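This document starts with one chain, in the form predicted alone, laid out as structure tokens.
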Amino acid sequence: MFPIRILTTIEEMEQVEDLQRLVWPGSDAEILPGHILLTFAHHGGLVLGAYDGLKLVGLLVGFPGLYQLPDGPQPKHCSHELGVHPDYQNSGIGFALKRAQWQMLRQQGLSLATWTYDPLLSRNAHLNIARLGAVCNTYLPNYYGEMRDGLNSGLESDRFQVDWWLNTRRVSRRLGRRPRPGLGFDHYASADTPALYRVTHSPGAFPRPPEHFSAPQDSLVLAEIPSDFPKLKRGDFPLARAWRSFSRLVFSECFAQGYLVTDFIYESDPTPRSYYILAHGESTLSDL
């Protein structure tokens, strides 16, 4: 519905600059300039655009990188930005751009792409973990320092770094011609998957994190986050800070104990609820 193109000219990169300002308003300091984008595109990187006619409505930017194995560094792709025009969100553009990226990176012979996102953003978690099949066991506290754009200003820039293993059955089952259906809360409830902690939900109020949580003991556990963190941040900034501190403690502790984020579920009825699924160890990575 929205054609995707590989972008290679300075005129196209100027369109990308303009779209970045709409997606991340508030500070040009956070905008990748056209000459940097052009350099990425001509030296092993990838700049993709989704179009509605002549109008750029989606962007994806990535560049080559390395990751370490015991026998030395190996090539990977660093996927840096994915953005959709505010008027075109929830129309499948983000997923389509990532699927095109998946196809192109495999043609380059790569097996891994990584990127970061705010772990408290349910929409991003649903795309990255549930739909794309990325996994995570790396928590980066205040990774970018102080950010000045309208979406991130005022809150420490904690991030998940996700690993997208491009050639695994896990990813292929989500992005192939016949993607597997997502699992819902009922599936995990029927398997008696325990919650790490209980979140307080009151009518007309934002959800509150608990004072503390117990270290996980089971092979599979659920960790709840706010279903609409941007709304919570706008309505109760001290509570947003509390969620940042609490979730940092939870995920840092779980990852240190060998847990891996493998799925994400969102329930809308009767009360919107969002949960990460964490599995202990990597033995189930290719099958989840």
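Position 1 is the first residue in the sequence shown; the rest follow in order. Treat the numbers as computed from the prediction; the structure is a model and nothing was measured.
FYI, the form predicted in complex with a small molecule isn't displayed, but the following is about it.
Options 40-48, 245-253, 23-31, 62-70; stretch whose heavy atom lies within 4.5 Å of the small molecule in the model of the complex: That would be 23-31.
Residue 83 within 4.5 Å of the small molecule in the model of the complex, heavy atoms: Result yes; residue 83 sits at the interface with the small molecule in the model of the complex.
So in the model of the complex, does any heavy atom of residue 107 sit within 4.5 Å of the small molecule? Residue 107: no, not in contact with the small molecule in the model of the complex.
Even though the small molecule is not shown here, does residue 216 get within 4.5 Å of it in the model of the complex, heavy atoms only? Residue 216 lies outside the contact set for the small molecule.
Does at least one non-hydrogen atom of residue 90 fall within 4.5 angstroms of the small molecule in the model of the complex? Yes, residue 90 is a contact residue.
Scan 188, 143, 95, 165 and let me know which has any heavy atom within 4.5 Å of the small molecule in the model of the complex. Residue within 4.5 Å of the partner: 95.
Tell me, which of 169, 76, 208, 131 has a heavy atom within 4.5 angstroms of the small molecule in the model of the complex? Partner contact (heavy atom, 4.5 Å) among the options: 131.
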